[in-house]
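As structure tokens, the next two blocks hold two forms of the same chain, structure 1 and structure 2.
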Structure 1
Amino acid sequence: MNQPTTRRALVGAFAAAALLGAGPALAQQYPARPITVIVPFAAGGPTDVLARIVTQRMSRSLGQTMVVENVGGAGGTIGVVRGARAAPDGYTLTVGHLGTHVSNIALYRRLQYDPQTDFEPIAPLGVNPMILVAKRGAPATVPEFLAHVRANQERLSYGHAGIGSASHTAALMFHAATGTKVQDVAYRGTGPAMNDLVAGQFDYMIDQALNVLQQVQGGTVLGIAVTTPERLPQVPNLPTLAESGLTGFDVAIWNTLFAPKGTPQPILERLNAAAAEAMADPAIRTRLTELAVQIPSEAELKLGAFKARHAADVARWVPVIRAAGATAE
């Protein structure tokens, strides 16, 4: 380890020790200034929309503004690395999801952060089911669509929002479950990808319901199926992949608020309480339900409860993604 790195590590350690020693007084004083929330994707995407809805309500509880900063690129790794290296003082937080904190473990051979040890989970912000959507004119039923993909996989293409994105992760899992290999078309976000799907430039995509509901309901793209075991009340006519032959298929994208490792417990508890208050707000619950976001239960919102789900998803999906042979390098 070089000298500057050593110095930064020591400074961080002393700062964390000082904060821990502050105890209850720290919880009363925090936050004393605005809090930056890093969203490692472009503005307007599903993670960004969800983060803004919840953190705006958290700001009221905390008495300080939570400012969302979009730091996109490299499958979310650029923003997540910045969040991991931030001072553990509660003033720089990160929103991560199944892509940044699970699939990137398999996709990047030299990932510059450890999703399980470099962060302290504060609270889940919600789970977003995904929808398999196709260009108009594609086979409309799940059995027909699956047969179409299997028979024409060398000629078809699917779109996603970049390596390591939620839409890329879900597609890898879909292809692993169906035993298919289809050419991918990477975009800089789901916005431009959706525009090209509407125009018929590629064949299908799997993306968060929050991001595609409007297009499915408006008929600009064809909704095929949802990726969770239960149908969505917002689109009740869409079957699930599990009920249509892919037994056990269950992919939903959780979004979770994280602090850097070493953030004092009183600060984590203060932020967790603000998140719980946001999730209990009827206006927030109504808005999230409209977007098909599954709201965390009281048990899921308890500080530390998320670690078990995170570990289970790493154990479940990292081997699947590695077996698919996809890499980001």
Structure 2
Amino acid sequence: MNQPTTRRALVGAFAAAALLGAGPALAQQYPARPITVIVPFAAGGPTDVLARIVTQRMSRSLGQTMVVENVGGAGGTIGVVRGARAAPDGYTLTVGHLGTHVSNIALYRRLQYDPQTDFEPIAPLGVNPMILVAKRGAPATVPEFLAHVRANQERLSYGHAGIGSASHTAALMFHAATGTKVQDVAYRGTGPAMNDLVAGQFDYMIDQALNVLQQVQGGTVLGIAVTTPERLPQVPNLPTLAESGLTGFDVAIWNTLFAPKGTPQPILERLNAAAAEAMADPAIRTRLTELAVQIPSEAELKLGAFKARHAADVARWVPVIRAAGATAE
């Protein structure tokens, strides 16, 4: 081992020991200043909206502001890398989802974080179904829309929030299931992508209901189908893809609040309790239900409980997504 490496290792060990030793004291005063919450996608999209609803309520319990910072780009990997490398002191948290913390394992050859070992889950923030939406004027029924995509695949384009994002993952599976290949348009989040779909800049997108319901209900985009096995009460007229014959396509997107690994247990517990309080608040529950977010149960909200779900989803989805194609550096 050469000398600089040895010194760096020693400094690292001392820093970690200092942080561990300071753990109980730090945790008692925690939180002593505002907490940054990295949302790895653009403002106004579903991850952002969900994060703001929940963290505003958590701020009340914690007695400190939680400030959302949008760090979009590269399918969320830029923001998530920053979150993974942040000091494990409870002051920089990250909102991850099925894209950043599962799909990216399958799609990035050189992913610079390990979604399972670089983070400690604080609490799940809910699961949100996805909806296939198209620009106004597209063929409206599922069979017509599928025929349209099959017939015009060289001319059409679809939007997503970067390789590995939820919208990209769902589209990969949609194209694999329909045997189509369509040009993509990448955004830093589906908030800006939705603006462009409303303006008719591209043809379709599959995104979380949270980002789509209002536009479908307002008629600014055309709702085609939902990706879950059951129809959604918020848009009962929309069929499921499954009932239209496109099966094996049960996609819903979880979002989870993470801390960097090494965050002291009392801080994780404090944050988890604040998240559980937010999820138990009737006003938050009403708002999330309007947005078709399935609220986590008390058992799912227990600190650490998310790890098993995460591991199961990595095992279930990574091979499927790899098989569906596309890789990034």
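Superpose the two forms; the largest set of C-alphas matching within 1.5 Å is the rigid core. Quick caveat, the model's predicted, so the values are computed rather than measured. Residue numbering: sequential along structure 1, first residue numbered 1.
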*asked:* Can you tell which of the two structures I gave is the form predicted together with aspartic acid?
replied: 2
*May I ask which of 97, 172, 115, 128 lies at the hinge separating the two rigid parts between structures 1 and 2?*
128
*Two rigid parts, two forms: what's the rotation of the smaller one against the larger between structures 1 and 2, in °?*
16
*Following alignment on the rigid core, what Cα displacement (Å) is computed for residue 194 between structures 1 and 2?*
3.5
_After superposing on the rigid core, what is the C-alpha displacement of residue 137 between structures 1 and 2, in Å?_
5.7
